[in-house]
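In structure tokens, the next block holds one chain alone, the form predicted alone.
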């Protein structure tokens, strides 16, 4: 009986729409359901650190100035446990029970996809930093805004780089043969779609196209095929767990491939944790501290990285950086629009044209950030060095990767 009563109360709350804005005294409270446990716990923790560092910085600089008043920022968190259903339920809780008017996104495309219909239904803006699936931006959402590049761009840049290298070596790009090992989550499937589009543009051949279960605990079967088929490029996407699994098993099996590129290298900390096994891997990234981006809050990208490291004792991943940028986008919208009304903030967000330490942010009509490109790191000497695009390169690409027999171990 008690459960039935509580359910009735919850439904009643859902039907009356948003509670009063969570602006109490001099504090604006944002809301976020973030993966602090479950399969996305690593990236979820980095997401929270990024949000928290931005809030800390904004508050130290005097807060948010709206209507002649200064407000501090705060964030109400819940652990979505890396579950789509829980993320959706928590978004509804934030809006209906906690009175949250402005939502920060969860980690991952699936969880963002679970939360977006909730924020859209209640006309609550959500600025998200970690849902890159392009399918999120084909549904006509008006209240969803993403600071990151979409997932189809992650490894298409590696395909373009392979074509560039082929030309430099006197080969036709069409002669380049690609092998794919993709997770079966929506993000990785979008990464795959971007690879296929880029490959088609260069007339490249896909010689291996394997789908790996979302757990991404074993790709030995794919690697056996890579050793037999000998592709020119091996492309891998499976979040932090996939990057860790692939790096370890490629080293264990001594798989030689001229170019190896994957997503989530930095969040998996392959350079820091796996040493020589990670060397010469190309890593798709939304951001790098060596880029020449800057803003009035953190200064340069390098200064952001230094502050993040000092605060959390590890280098800032792009997941953390883009999460901080999402908070800055809200601050800019509040101050530029001089309002905390959800509709006015939504309109201010849509008109965003902002320079940040993370890169430029400018939204198109679908809520995608059209201002910022992806970059490629290569692990060199135990560090991540930007090697592409050439405009921002700080090191020369090592290609082909040296065979294991010449690495000494």
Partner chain sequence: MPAPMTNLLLFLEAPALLVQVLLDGILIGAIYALAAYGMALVWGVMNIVNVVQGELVILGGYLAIMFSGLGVSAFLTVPLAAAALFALGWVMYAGVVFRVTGKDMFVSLLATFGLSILIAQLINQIWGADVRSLDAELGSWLILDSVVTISRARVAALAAALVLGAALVVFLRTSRLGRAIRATAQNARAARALGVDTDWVYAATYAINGAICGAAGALIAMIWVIHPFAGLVFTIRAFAIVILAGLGNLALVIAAALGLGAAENFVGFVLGAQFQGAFVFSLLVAILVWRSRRLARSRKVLR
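Fair warning: this is a prediction, and the values are worked out from it, not measured in the lab. Positions refer to the first chain, counted from 1. Superpose the two forms; the largest set of C-alphas matching within 1.5 Å is the rigid core.
Below: the form predicted in complex with the partner chain, not depicted.
For residue 348, no non-hydrogen atom is located within 4.5 Å of the partner chain in the predicted complex, even though that partner is not displayed.
In the predicted complex, at least one heavy atom of residue 229 sits within 4.5 Å of the partner chain.
Mapping the unseen interface onto this chain, residue 38 counts among the residues with a heavy atom inside 4.5 Å of the partner chain in the predicted complex. Not displayed here, the partner chain is kept clear of residue 151 by more than 4.5 Å at the level of heavy atoms in the predicted complex. Contact check for 220, 240 and 244: all three have a heavy atom within 4.5 Å of the partner chain in the predicted complex. Proximity to the partner chain in the predicted complex, taken as heavy atoms within 4.5 Å, picks out 249-257 from the listed stretches 249-257, 160-168, 280-288, 334-342. Proximity to the partner chain in the predicted complex, defined as a heavy atom within 4.5 Å, holds among 206, 174, 201, 224 only for 224. Among 72, 309, 303, 273, the residue placing a heavy atom within 4.5 Å of the partner chain in the predicted complex is 273.
Taking 2 Å as the criterion, residue 152 does not count as shifted between the shown form and the other one: its C-alpha moves by less than this amount when the rigid core is aligned. Taking the rigid core as fixed, one finds a CA shift for residue 275 of 2 Å or more between the shown form and the other one.
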